[in-house]
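For reference, the chain that follows is the form predicted alone, supplied as structure tokens.
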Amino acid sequence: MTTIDAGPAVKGRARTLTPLWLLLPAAAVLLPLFVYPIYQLGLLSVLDFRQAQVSGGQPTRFIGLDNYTDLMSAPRFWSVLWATVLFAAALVLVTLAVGAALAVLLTKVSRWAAYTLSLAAMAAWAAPAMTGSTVWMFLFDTNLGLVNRVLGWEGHNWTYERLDAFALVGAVVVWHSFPFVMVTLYAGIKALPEQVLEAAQLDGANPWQSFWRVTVPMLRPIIAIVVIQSIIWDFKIFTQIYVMTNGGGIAGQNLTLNVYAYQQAFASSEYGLGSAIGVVMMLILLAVTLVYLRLLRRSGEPL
């Protein structure tokens, strides 16, 4: 009985399709959870949908791109957009630096010290954003806060000045976010082959050179995942800003796009305009992710 060789073309096609088949169960669950909300968001963004339409007093009208035109012509939108971009970029850099430093530290300290640090980080990670923001507000309270008493700055309002408020909120966000970076990079470092690191030491590389020239390039795919996740999380921050600055700060000086969209949709009952802001945010994050993945592909890194 003779066997027929399928040939390299058929085998190659099978290898290409196998990962897609394996992704089907997850796609069957996740796609409905994402596609329908995105569809509804896009639909509302092209409608005249306000409180009158919600209550049924007026019919819903299709207005095309009018909401986007109004949004792009509003100076407030552009100021909030740039503030959000700069704030998110600073948070990503600080979170990555803190998480990477602690990941390296975990590989250097004793086992019990590593357990203690990991437990403290997991406690910060597990704390809900609302709870963490409220606790930090107690610590930095103007009259009764522990921080003001220790520093001798009783009466100092940490959310009155724009930069102080952003710095305080940023500290809370980094506190919530660095454990993910730390744990992910620590796992990547522990998975690196020890022979490569030993070879770098034999070649005369000091720990700093070994980290930047050996460890970081080998961790680049993991760093890509961490950076993309951090950009998405930090760009769409809502809870910390809303709770700690009482809805965006004095005269909206600490607004981010997510809080701005909430204000337009629910405080002003401009649901179509708020949905348009949500669509713009989604497109920005999608563009950033695609650009970053394209740069990694050009550099030859596997994804």
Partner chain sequence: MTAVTHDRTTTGVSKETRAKITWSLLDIVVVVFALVPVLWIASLSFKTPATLSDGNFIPREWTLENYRVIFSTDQFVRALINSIGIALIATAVAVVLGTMAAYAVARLDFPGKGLLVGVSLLIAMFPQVSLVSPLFDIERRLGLFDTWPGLILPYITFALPLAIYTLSAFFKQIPWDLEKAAKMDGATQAQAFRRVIAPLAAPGVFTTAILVFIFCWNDFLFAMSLTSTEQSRTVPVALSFFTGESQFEDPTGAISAAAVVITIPIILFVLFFQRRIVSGLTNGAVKG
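Numbering follows the first chain given and starts at 1. We call the rigid core the largest set of C-alpha positions that still match within 1.5 Å between the two forms. For clarity, every value in this text was computed on a predicted model and none was experimentally measured.
What comes next is about the form predicted together with the partner chain, which is not displayed.
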Inset, instruction - Report whether all of 61, 89 and 245 sit within 4.5 Å of the partner chain in the predicted bound form, measuring from non-hydrogen atoms. - result: no
Legend entry - Segment that reaches the partner chain in the predicted bound form - one of 98-106, 77-85, 210-218, 160-168, heavy atoms within 4.5 Å: 98-106
Inset, instruction - With the partner chain left out of view, choose which of 196, 72, 119, 151 has a non-hydrogen atom within 4.5 angstroms of it in the predicted bound form. - result: 119
Legend entry - the partner chain contact at residue 155 in the predicted bound form, heavy atom, 4.5 Å: no
Inset, instruction - Classify residue 239 as contacting or not contacting the partner chain in the predicted bound form by the rule of any non-hydrogen atom within 4.5 angstroms, answering yes or no. - result: yes
Inset, instruction - Determine whether any heavy atom of residue 46 comes within 4.5 Å of a heavy atom of the partner chain in the predicted bound form, and answer yes or no. - result: no
Legend entry - Any non-hydrogen atom of residue 255 within 4.5 angstroms of the partner chain in the predicted bound form: no
Inset, instruction - May I ask you to list the residues of 20-46 that have any heavy atom within 4.5 angstroms of the partner chain in the predicted bound form, in sequence order? - result: 21, 22, 23, 25, 26, 29, 30, 33, 34, 36, 37, 38, 40, 41, 44
Legend entry - Threshold 2 Å Cα movement between this form and the one not shown at residue 195, rigid core reference: yes
Inset, instruction - Determine, after fitting the two forms on their core, whether residue 280 shows a C-alpha shift of 2 Å or more between this form and the one not shown. - result: no
Inset, instruction - For residue 36, state whether the C-alpha moves by 2 Å or more between this form and the one not shown after rigid core superposition. - result: yes
Legend entry - Relative Cα spacing, residue 202 and residue 111, in the predicted bound form - shift of 3 Å or more: closer
